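Shown next as structure tokens: one chain only, the form predicted alone.
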Amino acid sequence: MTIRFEKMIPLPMLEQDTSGSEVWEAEALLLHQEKRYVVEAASGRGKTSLLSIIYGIRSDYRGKVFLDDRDLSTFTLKDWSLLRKEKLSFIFQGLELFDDLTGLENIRLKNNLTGYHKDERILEMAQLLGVDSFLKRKAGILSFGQQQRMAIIRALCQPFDFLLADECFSHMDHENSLRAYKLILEECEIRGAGLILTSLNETGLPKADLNLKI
């Protein structure tokens, strides 16, 4: 899969100074599957908007966006449903976990739909991220960093060509961020998938294939 932008900019960003942005000022920008992209900028520069447009939950933009040469504006609800099940996965900044469900129940909501991972692999991922002992606790009482790791595991419980990760390490220390990043890269490699990661600050993670200023 490729993602291509042609003079694309969210409408709210038209009211801001976007000079120097390698995304909003670009005539064209092409993102390739199997590549790692890090989009780093201060709050309010449109990082979440960028991922939300790719995922189809925002359409308030000027210009054009293409997935595999097909204009997003032509996608039907059925098309988006299939894309989000098989081609795109999203680690939301707000996590979108159900507070009254346990960490494991939140993960299984996705995995039961896709059947992508066996329970043994889910437990293995939780152990790698240091949250295996919290799987049976309700998400609402977990720390935000623990919730982020549950959300990461959930997003990995499906096939995808691109993983969209919106500030998914913001409440983790450096060691846990590295563990989570390593797991994400391993799962992307298994699928031959691309990664688009947004961050407020210097991530301190291994260099991406391309760092974009926004």
Partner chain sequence: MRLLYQILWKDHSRAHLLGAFLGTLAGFVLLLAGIQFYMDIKGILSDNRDLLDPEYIVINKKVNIGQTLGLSRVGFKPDEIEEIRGQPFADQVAPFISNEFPVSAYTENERFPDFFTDLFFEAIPDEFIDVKSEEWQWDLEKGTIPVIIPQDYLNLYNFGFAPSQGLPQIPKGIISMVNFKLRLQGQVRGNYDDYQGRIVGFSNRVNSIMVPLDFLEWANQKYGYFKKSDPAQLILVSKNPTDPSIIRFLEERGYDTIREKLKSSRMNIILKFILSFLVIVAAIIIGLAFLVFLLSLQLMISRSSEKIRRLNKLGFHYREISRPYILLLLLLMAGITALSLLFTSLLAGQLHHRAETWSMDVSSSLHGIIYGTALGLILLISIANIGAILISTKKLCK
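Numbering follows the first chain given and starts at 1. This structure is a prediction, so every number in the text was calculated from the model and none was measured.
Keep in mind that the form predicted in complex with the partner chain is missing from the display, and what follows is about it.
Not displayed here, the partner chain is kept clear of residue 136 by more than 4.5 Å at the level of heavy atoms in the predicted complex. Taking non-hydrogen atoms only, residue 73 never approaches the partner chain to within 4.5 angstroms in the predicted complex.
Though the partner is left out of this view, residue 127 does not reach within 4.5 Å of the partner chain in the predicted complex, counting heavy atoms only. The partner chain in the predicted complex comes within 4.5 Å of no heavy atom belonging to residue 45. Looking at the partner chain in the predicted complex, residues 118, 159 and 182 place no heavy atom within 4.5 Å of it.
Residue heavy atoms within 4.5 Å of the partner chain in the predicted complex occur in exactly one stretch of 184 to 192, 162 to 170, 54 to 62, 24 to 32, and that stretch is 54 to 62. Residues 77, 78, 80, 81, 84, 85, 92, 96, 97, 98, 100, 101, 105, 108, 109 of 72 to 109 are found to place at least one heavy atom within 4.5 Å of the partner chain in the predicted complex.
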